[in-house]
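This document starts with one chain, in the form predicted on its own, laid out as structure tokens.
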């Protein structure tokens, strides 16, 4: 029996996307800011509809899509991302982007792909979801049609993305040929019954490459710096959040079910990719002068930290995997909030000054101290300094992986976190220790943007000081991934929180 009610939140999101386009077609002279607010309202409706699925018995649509607490967690993250991007976009796109309706519609549709990547229980479904968010990003990166950097970034992104998609699909063909199925449960049973063989290992590595491209894992990160720099600033924020959420949603669901039985075949590869990714990302970030390129390499480093958990899932049992997954989910949450906080401030500053270089932020503490404070808090959270979200979530994430023989990788993560402090402090130094340029005067910012930034700032501090509620939600969300460890998972929150 097909139960379409499990898709109600996505029906709301996709229907709202079509509705926004219809409003623009019927009333072409409507103020484009109204479309942003409609998109934000749609995101709120999406989140509200998703809340009703919390704690419900997992429900599957013909074994292709599963709606459980894990899916609901990603629904809420997707809706939150769309809400924030919609509110930080209007002032930026005014005068720069003509097709505002399509812009907001693609945000909603792309995040539907994000949700389905996390909810998929079958490889072809995961691939289609992968393509949905990818095509949305390809278009959004090139939305500044008059900007050659935006056009170039979009073209590179499309070419490399097509290559990654082909590799992903090729990996699926190997898995199907070796196991006779593309369903996660059937793949796991086939590996459990017959063991791994060369075809499964090759297919698994090809799938790892495809997902690695989405996450900008080294050496598949070539698209990220150009895409971050060439995209409109709000879309850079969208890539930095939605793309990583989507990739790790698929990673967690896929590697905790389909390939958890043969984890020894891939855990070592993920651990090596994690070490290379975090190290290269942080070292190259030191050399950047453009703030968007610096954030790109910083994000690559962050992906390296998060891959520690995926490796830990491979080395651990169901109980350890559930705890590690909860640690990863809370860190992703803290990272998303910190990123959106950073870009809210960067966009507000760019709207008034047109500067997107580190040198252009000189003297911001004098011209707009509130934005300087916001950027500082976001960067300190990235670096993992105490009392900010990044410190607590990174600590919980690394703590959840310590029992799986990965102490060397965690130690490398700590070293790289220390390295990242250097280039984050370069930005803080420019803002606080130098006088502003003569042509940049003290200015005020949009009240709505300031209000959003204030809420995100409080969220960063709240998670950093009192992570219990978010960790409880992350623990509940991770439970469906490891049914064998479901009973043990109920104690994950108590074990991970400091005594």
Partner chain sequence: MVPLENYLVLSAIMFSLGVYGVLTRRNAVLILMSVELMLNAVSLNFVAFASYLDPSKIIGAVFAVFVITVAAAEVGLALAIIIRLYRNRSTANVDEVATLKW
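Here the structure is a predicted model, which is why all the values come from computation and not from measurement. Positions refer to the first chain, counted from 1.
Only in words, not in the display: the form predicted in complex with its partner chain, which the text now covers.
Looking at residue 152, you'd find a heavy atom of it within 4.5 angstroms of its partner chain in the predicted complex.
Interface residue remark: residue 226 is counted as part of the site for its partner chain in the predicted complex, having a heavy atom within 4.5 Å. Contact check for residue 163: a heavy atom falls within 4.5 Å of its partner chain in the predicted complex. Contact annotation: residue 195 falls outside 4.5 Å of its partner chain in the predicted complex, judged by heavy atom distances. Checking 275, 97, 139, 419 for any heavy atom within 4.5 Å of its partner chain in the predicted complex turns up a single hit: 139. Think of it this way: in the predicted complex, its partner chain has a heavy atom of just one of 202, 412, 109, 169 within 4.5 Å, and the residue is 169.
Note that among 378 to 386, 226 to 234, 359 to 367, 336 to 344, the stretch whose heavy atoms approach its partner chain to within 4.5 Å in the predicted complex is 226 to 234.
Contacts between stretch 280 to 294 and its partner chain, counted in the predicted complex as any heavy atom lying within 4.5 Å, involve 284, 288, 293, listed in sequence order.
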